[in-house]
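The chain below stands alone and is given as structure tokens, in the form predicted alone.
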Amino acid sequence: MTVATLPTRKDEAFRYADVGALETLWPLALQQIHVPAGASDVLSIVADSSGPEAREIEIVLDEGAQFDLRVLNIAGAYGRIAVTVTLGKGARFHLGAAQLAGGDQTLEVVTEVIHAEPDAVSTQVVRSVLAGHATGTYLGKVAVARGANGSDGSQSIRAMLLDRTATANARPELEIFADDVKCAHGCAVGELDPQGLFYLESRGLPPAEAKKLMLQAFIAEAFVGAADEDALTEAALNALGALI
């Protein structure tokens, strides 16, 4: 299957996209993943091509199924990961994603998580580190259908700007049509704590190493508990080295 019609920035999910770069990749192949009842699966994506890269993923979890998705987005000029997830009864979905960009890069993670049945749980942790004139975007929607009581959906979105010329866009969204649910989102955009940097530098760390240590702790939240946590963290640290 393919996503055939080239969008424009009037489409909400492509509001901040580099449509010119996207056009060179169009049409996108749609990757479909189905996890049967009671089963579990994991997937790690490292978007690190030198040119533009975009992926569309559709995940369906049957009753009691579990899926752990980890994303490291460090693509060249443009990198986009778009995920749609449909949760059956008691299913569990976790996304941990990190985006690292500098120069004129544009990176984005776009998600839609649909709680179609009761008692499903979804968690999303997205961390972005942006330098230069880079743009990092998270657009995420958690939709709870009618009758999907007991749903638990959370979004934790944070971005760190290394330069004030960088841009972070974030739109966590909840759409709830059930009464007995627990859903929340949190979003923050900021800069490295100067007092924390001063403390590390006063202990003998060079400024670049102090920044790298603080940023390592920041992005590590996206990869905690991943099956390949060490490999993802190492790749992220290598990318950080180019930004500092």
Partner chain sequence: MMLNIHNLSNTVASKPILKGLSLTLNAGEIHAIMGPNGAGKSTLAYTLGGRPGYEVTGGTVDFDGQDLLAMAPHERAAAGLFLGFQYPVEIPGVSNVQFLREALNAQRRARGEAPLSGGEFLKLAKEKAGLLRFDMDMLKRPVNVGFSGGEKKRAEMVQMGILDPKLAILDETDSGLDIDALRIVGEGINTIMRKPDRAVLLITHYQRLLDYVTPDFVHVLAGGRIVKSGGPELAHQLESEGYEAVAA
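The structure displayed is predicted, hence computed values, not measured ones. Numbering follows the first chain given and starts at 1.
Here the subject shifts to the form predicted in complex with the partner chain, a form of this protein not shown in this document.
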Could you check which residue among Glu201, Glu63, Asp68, Glu58 gets a heavy atom within 4.5 Å of the partner chain in the model of the complex?
-> Glu201
Quick one: of Glu191, Glu175, Glu209, Asp179, which gets a non-hydrogen atom within 4.5 angstroms of the partner chain in the model of the complex?
-> Glu209
Interface membership of Ser50, the partner chain in the model of the complex, 4.5 Å heavy atom rule = no
Should Gln32 be classed as touching the partner chain in the model of the complex when contacts are defined as heavy atoms within 4.5 Å?
-> no
Heavy atom to heavy atom, is Met214 within 4.5 Å of the partner chain in the model of the complex?
-> yes
Quick one: does Gln195 come within 4.5 Å of the partner chain in the model of the complex, counting heavy atoms only?
-> yes
Among 50-58, 215-223, 182-190, 36-44, which stretch has residues whose heavy atoms lie within 4.5 Å of the partner chain in the model of the complex?
-> 215-223
